[in-house]
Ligand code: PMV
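The data below hold one chain only, encoded as C-alpha cells and taken in the form predicted alone.
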C-alpha cells in the first residue's frame, strides 16, 4: 500500500467556563468535568504532507511559525506513539507538518487546544483515505486530541462542549468531549474579547500546574465545586439565564487562580492590571447594568464574555477604560474545525 497527499485544517481554540485543572492517574484523565465555549476566529492552521508506504520508517518534520522545531517534533513523537493504537499506518509514514496560529503567543488563548486538535483532524482525514472510509468520527478525533492536550478534546466541535464524566450527561466521558445540547439562542452568539495585559511566558506551564493538584488540600472540595457549578451552568445555558451564567463564570475563574495560589510554592499568574481590569469590569457592570462576565485561563489575561445585544456598550466601555492593556482580541462563539485542502493519490 502506498498513498501520499497534502491536507490542511484550521481549528479553533476554546475558553473553559468550568475549568479543567488537575488530573487523575492515567493518560490525560481529568480530575473533574469541564465545559467550554468554542471560539471562532482564534485558530491554528496546519498543513500535513504525508506518504504512507509499507516498509517505510516513520519520520516527522515540524515547521512552526516558519521555523523548524525539534522540540515540537520530540513532543509529537510521544503523541504519535500513543495514537498509533488507533492509526497503525503511522508506523510507516513520513510526515511534514507546517503550523501557525493567527493569534499571538502568551495572549491567554489556548494554543495547545487549537494546535493539537487541528493536527488530529488532519490525521483523522488521512486515516479515512487509508481505510477508504470518509466517515467522520468526532469521538475518535476528540480522543486523540485529548492524548496530546486535554483541552484540545473540546476544540473538535462546538459551540458548547463538555469533557469528563458527569451525571448530567449519560454519554459524557473522560476520553472524549461531547456537545452540550439544547443551548438557548442567547448563548449561541456570545462575544469574547480577550484583554491582553501581559505577554510574558508563564513561569510554570499548565502541564506542570496540573500536577500541583495531586496533593492539594482543596482537591476534594474542588471536585465537588466543579460538579455543582457544572450543573448550574447547564441550567443557565439551557434557560438563557445571564445572571446565573455570570455568577458561575467568575466564580470558576477566581477559584482556578485561588487553587494556584494555594498550591505548593504559590503559583501566581495575575499581574497588577489583571486585578485592575476585574475591578473596572465589575464597577462598570454595576454602574451601567451591562451584561458581561469575565473569565481567565491559567494566565494573566482576561476573556470578557457578553451577548450580542451588549456589544456596542461593551466596546464603548473598553475604549473608555483608564486601565492599561496591550491589545484587545475580538472573538465569538464558533462551531469547530474547517477543512481547507485535501489532495491525495495512490503511489
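Residue numbers count along the first chain shown, from 1. Quick caveat, the model's predicted, so the values are computed rather than measured.
Missing here is the form predicted together with the ligand; even so, the following discussion is about that form.
None of the heavy atoms of residue 9 is located within 4.5 Å of the ligand in the predicted complex. Although the partner is absent here, residue 210 is a contact residue: one of its heavy atoms lies within 4.5 angstroms of the ligand in the predicted complex. Although the partner is absent here, residue 141 is not a contact residue: none of its heavy atoms lies within 4.5 angstroms of the ligand in the predicted complex. Proximity of residue 115 to the ligand in the predicted complex falls outside the 4.5 Å heavy atom cutoff. Annotated contacts: 149, 206 and 256 all touch the ligand in the predicted complex [non-hydrogen atom within 4.5 angstroms]. Listed stretches are 293 to 301, 63 to 71, 312 to 320, 39 to 47; the contact stretch with the ligand in the predicted complex is 293 to 301, by a heavy atom cutoff of 4.5 Å.
Contact annotation for 212 to 229: no residue has a non-hydrogen atom within 4.5 angstroms of the ligand in the predicted complex.
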